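What follows is one chain in structure tokens, specifically the form predicted on its own.
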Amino acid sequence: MQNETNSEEDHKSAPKWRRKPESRPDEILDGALIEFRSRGFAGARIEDIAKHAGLSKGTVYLYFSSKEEMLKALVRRSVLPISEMFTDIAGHVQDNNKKAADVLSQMIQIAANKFSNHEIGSIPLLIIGEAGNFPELAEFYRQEVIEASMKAIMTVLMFGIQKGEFRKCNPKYAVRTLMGALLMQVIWDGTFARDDEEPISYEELIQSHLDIFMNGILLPQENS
């Protein structure tokens, strides 16, 4: 165990050019995110990304053919796992005794916890900001993340309606209402927040939003 710890510490402290090739993609993506956030996607330069990773520009191209591929890889690394968790949770919604409301709350709290990390939250902002110039990136994000996430949430909503827990509603509209507060907060933090104002707690925001949403969608329970 001691040897493993020492090995990990040696890896972290070693010059980047001496590190194993398998660590390079993540180091490149870390550098790409720094440049995308500070200069914007269009303004970021491959040579500056390479500097963050301690690599040459040519070496970066061995791993990623373009900035577009880097941004897609950032989505797959940081945001796609959230969608995959949603899909897994929705796939088992009928296999347990949980209420649909509790499952929905779990899903939204997972998303809020992840997107409260500004590095993760900045990724959808990058997609939104570049959608006009790079519509293929917006379509990629929709296919890889949004559609799967919305399908998973709608599955839980429809399950709640079928079980008589939720009142009848249009799940396509309800899912947008449910996710709207979180998306708005991500946009607020990345665009409108001021340095002199106290940051809003994601946890408190989501609890407030869930309270309002659930009181609107839940049917009165006779035995509750």
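Just so it is clear, the model here is predicted, and its values are computed rather than measured. The term rigid core refers to the most C-alpha atoms you can superpose between the two forms while keeping them within 1.5 Å. In case it trips you up, residue 1 is the first one in the sequence shown, and so on.
There is another form of the same protein, the form predicted in complex with another copy of the chain; it is not shown, and what comes next is about it.
Residues placing heavy atoms within 4.5 Å of another copy of the chain in the predicted complex fall in a single listed stretch, namely 179 to 187, out of 158 to 166, 23 to 31, 179 to 187, 46 to 54. Distance criterion of 4.5 Å from any heavy atom to another copy of the chain in the predicted complex singles out I127 from the list A152, I82, I108, I127. G40 belongs to the set of residues with a heavy atom inside 4.5 Å of another copy of the chain in the predicted complex. Put simply, K98 is far from another copy of the chain in the predicted complex: not one heavy atom of it is within 4.5 Å. When contacts are judged by a 4.5 Å heavy atom cut-off, Q143 counts as touching another copy of the chain in the predicted complex. Another copy of the chain is not shown here, and in the predicted complex it never comes within 4.5 Å of any heavy atom of A73. For the partner-free chain shown, nothing in 99 to 114 comes within 4.5 angstroms of another copy of the chain in the predicted complex, judged by any non-hydrogen atom. Once both forms are fitted on their core, a CA shift of 2 Å or more is seen for V75 between the shown form and the other one.
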